[in-house]
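Given as C-alpha cells, the chain that follows is alone and in the form predicted alone.
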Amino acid sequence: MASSSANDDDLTIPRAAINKMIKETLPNVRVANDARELVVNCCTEFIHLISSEANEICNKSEKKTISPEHVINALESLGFGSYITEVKDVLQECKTVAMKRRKASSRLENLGIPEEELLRQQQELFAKARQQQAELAQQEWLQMQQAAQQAQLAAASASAAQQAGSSQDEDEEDDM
C-alpha cells in the first residue's frame, strides 16, 4: 500500500473475515500473524486496484454507478481475465440468493398457503362478520321495538290511570 496512515485502517477488510476465509480455505495449516496481516493488506490493495479501474471504466461510459460489468471489464484490463468465469458464477449466485431473500421476506410466501386459499378464507371471514353485524342490528331493532311497546303500554297505563283519577274526582264532586 502507498501509505500507512491512520486513515488506511478504515479502508481495510476486517481481520476476522480474513481469518475465517483462511481457516475455511486451509483448515489444517497454521498461518503466522504477519502472514495474516500481509493477506489483509494484499486483499485491500487488490480491492482498491479493481475498484479504481472499474471507476475509470464507469466514468468513460458516462455512468454514475459502478456495475458488475464495469468490475468484470476492470479485471480483464488489469490482466485478471482468468478470474472472469468464476466472478460471473459468483455474481449469478449472489443474484439468486438476493432473489430468494426478497421472496422469503414476503409474508404470503412465508405462510405456505396458496393465494387462492387465503382469498377464500378472507371472503369467509368477511361473510361471517357481515352475518354477525346483521344479527346485532336485528337484536338492536328488536330491543327498540320492545322499548317502544313498553313506552306505549306505560303511556296507555298512565293515561288510563289519569282518566280513572279524573272520573273519580268527578264522582266525588257529584256526591257533594
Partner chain sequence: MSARNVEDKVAVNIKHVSLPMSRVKLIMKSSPDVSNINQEALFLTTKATELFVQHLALSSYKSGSGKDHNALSYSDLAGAAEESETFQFLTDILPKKILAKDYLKSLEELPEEGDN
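Source: prediction; values computed, not measured. Positions refer to the first chain, counted from 1.
If you look for the form predicted together with its partner chain, you will not find it shown, but the lines that follow are about it.
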- prompt: Is the gap between residue 61 and its partner chain in the model of the complex 4.5 Å or less for some heavy atom pair?
  reply: no
Review point. Should residue 150 be counted as a contact of its partner chain in the model of the complex, where contact means heavy atoms within 4.5 Å?
Key: no
Given that the partner is absent here, does residue 65 sit within 4.5 Å of its partner chain in the model of the complex, heavy atoms only?
yes
task: Please run the contact check for residue 25 against its partner chain in the model of the complex: heavy atoms, 4.5 angstroms, yes or no?
output: yes
When its partner chain is considered in the model of the complex, the residues of 35-54 having a heavy atom within 4.5 Å of it are 35, 38, 39, 41, 42, 43, 44, 45, 46, 47, 48, 49, 50, 51, 52
